[in-house]
Ligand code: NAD
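We begin with a single chain expressed as structure tokens, specifically the form predicted on its own.
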Amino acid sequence: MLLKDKVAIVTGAASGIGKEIAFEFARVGAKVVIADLALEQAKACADEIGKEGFQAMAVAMDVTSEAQVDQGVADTVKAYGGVDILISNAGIQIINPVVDLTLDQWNKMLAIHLTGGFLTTRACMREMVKAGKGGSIIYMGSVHSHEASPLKAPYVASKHGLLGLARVVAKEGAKDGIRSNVICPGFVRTPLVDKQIPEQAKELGISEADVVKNVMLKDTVDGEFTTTADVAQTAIFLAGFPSNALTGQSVLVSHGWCMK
């Protein structure tokens, strides 16, 4: 099993992409920590994984809270003996043109995506360095780590920022065998994306069907959504890669929407 006995913390893992990653990591041997703001959902997810015969636990984690992040990582180390993999996945979306964005909306988006990435990285890196076994840190970026779309200024800014964070972590972590990479999916049909469809239709003055066809999937090679399984398999590949040859990189998983 590719990740046998590796300990993986997945943030935002009670639903969507994070949940798929958690299940797939467990199936390839990892001990999975479901870290989420919604603790009851996280516990339910961990229970589901346990019923399949794999190891999982839940921790309450608001990734914008230094205390909660540090405590969640400490609880992981106490239960499983260390941290080998971080999947920094927690995220939200707010649709608004720049002229209508509030400062609170801007700050909230950057706090969850970018500050959350930093806080979880710092806590996990400290444990990885202490253990001396290396590790893998994977950020959930987006095609919007490379491209831009209207109505998503804080999302695009924070996803671009994760590229910079990952590259610094790759350089700083190399001496300790810690790799850092960014997965950049296209649109994945999750509740987060489903919520955007009517919001964008309203802002752009077009039908929901046109949002899907002519906005979300317009630049893909086949008019298809990226799936949660696509992203989870990419995460397994990156987490299990055996050397620093693959670090500081972004991997686009977008049906050809963005090619870099």
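In case it trips you up, residue 1 is the first one in the sequence shown, and so on. This one's a predicted model, so the numbers in the text were calculated from it and none came from an experiment.
Heads up, the form predicted together with nicotinamide-adenine-dinucleotide (NAD) isn't pictured, but that's what we're talking about next.
J.: Would all three of V7, I49 and I85 be in contact with nicotinamide-adenine-dinucleotide (NAD) in the model of the complex, where contact means some heavy atom lies within 4.5 Å?
T.: Looking in the model of the complex, the three residues V7, I49 and I85 all stay beyond 4.5 Å of nicotinamide-adenine-dinucleotide (NAD) (heavy atoms).
J.: Using a 4.5 Å heavy atom cut-off, indicate which stretch of 166-174, 74-82, 126-134, 112-120 touches nicotinamide-adenine-dinucleotide (NAD) in the model of the complex.
T.: Checking each option against the 4.5 Å cut-off leaves 112-120.
J.: At 4.5 Å between heavy atoms, is G53 in contact with nicotinamide-adenine-dinucleotide (NAD) in the model of the complex?
T.: Outside the cut-off, so no.
J.: Spell out, yes or no, whether the shortest heavy atom distance between N244 and nicotinamide-adenine-dinucleotide (NAD) in the model of the complex is within 4.5 Å.
T.: No, N244 stays farther than 4.5 Å from nicotinamide-adenine-dinucleotide (NAD) in the model of the complex.
J.: Can you check whether V63 is within 4.5 Å of nicotinamide-adenine-dinucleotide (NAD) in the model of the complex, heavy atom basis?
T.: Yes, V63 sits close enough to nicotinamide-adenine-dinucleotide (NAD) in the model of the complex that at least one of its heavy atoms falls within 4.5 Å.
J.: Using the partner position in the model of the complex, report whether V188 sits within 4.5 Å of nicotinamide-adenine-dinucleotide (NAD), counting heavy atoms only.
T.: Yes, V188 sits close enough to nicotinamide-adenine-dinucleotide (NAD) in the model of the complex that at least one of its heavy atoms falls within 4.5 Å.
J.: Could you tell me which one of I206, A229, L39, L192 places a heavy atom within 4.5 Å of nicotinamide-adenine-dinucleotide (NAD) in the model of the complex?
T.: Contact check passes for L192.
J.: With the partner left out here, which residues of 228-260 have a non-hydrogen atom within 4.5 Å of nicotinamide-adenine-dinucleotide (NAD) in the model of the complex?
T.: Nothing in the stretch sits within 4.5 Å of the partner.
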